[in-house]
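Quick heads-up: it's one chain on its own, the form predicted on its own, in structure tokens.
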Amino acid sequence: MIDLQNVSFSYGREMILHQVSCRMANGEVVSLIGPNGAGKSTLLRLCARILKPLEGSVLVDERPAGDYPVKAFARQLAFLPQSRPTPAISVRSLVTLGRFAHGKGDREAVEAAMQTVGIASLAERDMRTLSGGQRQMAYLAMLLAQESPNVLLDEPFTHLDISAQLDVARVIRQMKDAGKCVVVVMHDLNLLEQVCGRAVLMDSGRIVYDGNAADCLRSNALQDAFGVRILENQGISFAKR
């Protein structure tokens, strides 16, 4: 469970988040959506305690995020940023890094994570030789091996083809079914209903919608935030206003 209570944040004099409150529970997938610059990635970094709030509190499993020792926090929360290096190591070695907070490699947890995401056959491959989708699955396996109940994913679908996107969506649903609290920053609204039950729409550093993902796609709040209008001929599509 992740609970933001009246959180504000600024870079210097520029306010990025304004009194944001949001509670994200175990066993749900919450999507953070909104236009560029809305504050989505900043909010995620505050949850991961990479940034500190100017005002307000961030609680992880009902404890202030800043109160956890480093390894204890990693056992509670796993964060996959949008930009990551591609190290010159094997897939198995990368997934094993997810065990650092537990103080041991735990081969069974590593193997189970690779099996779950479907990359066991790639275990000995060099990360640099993988496709973008395969690398993303390797990083998701690393998060699973970390065994944290709270998971943050910053744009995990970016630059992936549709097949790889569906693989990532499957793993996210598996995390939910395992009782994890999963928070996903995403831009591809066509995937929203497949991945998330709940959408949190941000605009100019504020939450302007928090509720059912399908309803969000049809809301005036979404049209206003993105400056688009909804076209409902076959499914949902958007056009500039």
Partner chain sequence: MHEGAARRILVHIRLPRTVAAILSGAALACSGAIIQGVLGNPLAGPNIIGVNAGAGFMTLLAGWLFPMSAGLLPAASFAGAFLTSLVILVLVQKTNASRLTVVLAGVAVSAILSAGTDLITTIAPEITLGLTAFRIGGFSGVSAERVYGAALYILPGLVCAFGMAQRLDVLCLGDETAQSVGLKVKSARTVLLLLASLLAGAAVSFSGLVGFVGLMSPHMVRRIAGGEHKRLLPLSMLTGAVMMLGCDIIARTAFAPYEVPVGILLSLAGGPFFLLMLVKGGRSHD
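Residue numbers count along the first chain shown, from 1. This structure is a prediction, so every number in the text was calculated from the model and none was measured.
Beyond the structure shown, there is the form predicted in complex with its partner chain, which is absent from this document and is the topic of what follows.
None of the heavy atoms of T116 is located within 4.5 Å of its partner chain in the predicted bound form. Taking the partner from the other structure, its partner chain in the predicted bound form has a heavy atom within 4.5 Å of a heavy atom of A48.
Using a 4.5 Å cutoff between non-hydrogen atoms, H159 does not count as a contact of its partner chain in the predicted bound form.
At the 4.5 Å threshold, heavy atoms of P81 reach its partner chain in the predicted bound form. You can rule out all but one of 72-80, 163-171, 108-116, 129-137: in the predicted bound form, only 72-80 has residues with a heavy atom within 4.5 Å of its partner chain.
Contacts with its partner chain in the predicted bound form, taken as any heavy atom within 4.5 Å, map within 136-161 to Y139, M142, Q146.
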